[in-house]
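Presented as structure tokens, the chain that follows is alone, the form predicted alone.
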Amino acid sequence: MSEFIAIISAKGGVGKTTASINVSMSLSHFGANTLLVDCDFTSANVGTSLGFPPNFKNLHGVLNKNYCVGEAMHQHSSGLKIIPGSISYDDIKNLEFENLHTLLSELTGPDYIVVDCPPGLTDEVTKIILAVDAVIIVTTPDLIAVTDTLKTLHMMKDLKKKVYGVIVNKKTDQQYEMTLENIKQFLETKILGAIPEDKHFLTSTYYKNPFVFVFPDRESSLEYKKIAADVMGKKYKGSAPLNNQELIF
């Protein structure tokens, strides 16, 4: 049975889409049948980040009933399967997302269906969260982002939604940042992983590939793999070359 996981953030600019791509790629790396769905309706960047042409069939076309969901599913050269969103203003302007819950329920087959959400706590985000099984929240280690994340956690509690934990993104260890221990105490929730700021993310964007695919042994990639292993209920033990050596069962 598929597990639907929404990756959300309280505000934009924290690297949510990058996290969605690399968590999905890491799950796929460990052999899980994984599908990434771009539900950031107004700023759909998954397809662009991975080099898909803008005229590819996408989620917006499915929601507007132009074609079936199977036609909008594509496989990236890295092996990751995605349903991209549209970057067309006309598609955004005319979008009908009321049948999103029904559409997601039709996506049976993958072990994990990761949903990249819009930022914030809008009605659209609430509809997505109600349609999934669990969430992962992305933040940066600054006080404003972490405070907004606390509001998001309270919302998840009200919605009775499972929270895997928080990804702390763009970590630089500058004096003005909150420490991981302080963030954990402030949020009273699990820190799934801490992704350091890395200029190589720009290189992976240039090559239109997930970071963990282009740079599998960098610290950020190891953190994403640790997060994926945690979601799978396994322990990640390092960067051994073979998949079956990387997880402790």
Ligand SMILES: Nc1ncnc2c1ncn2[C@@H]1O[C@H](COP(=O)(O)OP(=O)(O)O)[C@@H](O)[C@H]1O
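Source: prediction; values computed, not measured. All residue numbers refer to positions in the sequence shown, first residue = 1.
Below, we refer to the form predicted together with the ligand, which is not included among the displayed structures.
Enquirer: Given a 4.5 Å cut-off on heavy atoms, tell me which of 85 to 93, 167 to 175, 102 to 110, 147 to 155 is the interface stretch with the ligand in the predicted complex.
Expert: Of the options given, it is 167 to 175.
Enquirer: Taking the ligand as it sits in the predicted complex, is Ala44 near enough to touch it, meaning that at least one heavy atom pair lies within 4.5 angstroms?
Expert: Close contact is absent here: in the predicted complex, Ala44 is far from the ligand, nothing within 4.5 Å, heavy atoms only.
Enquirer: Quick check on Phe201: any heavy atom within 4.5 Å of the ligand in the predicted complex?
Expert: Yes, Phe201 is a contact residue.
Enquirer: Is Gly70 part of the interface with the ligand in the predicted complex - any heavy atom within 4.5 Å?
Expert: Heavy-atom contact with the ligand at 4.5 Å: absent for Gly70.
Enquirer: Is Glu197 close enough to the ligand in the predicted complex to count, meaning some heavy atom within 4.5 Å?
Expert: Contact check for Glu197: yes, within 4.5 Å of the ligand in the predicted complex.
Enquirer: Scan 4 to 21 and note down the residues that get a heavy atom within 4.5 Å of the ligand in the predicted complex; none is a fine answer too.
Expert: Those in contact are Gly12, Gly13, Val14, Gly15, Lys16, Thr17, Thr18.
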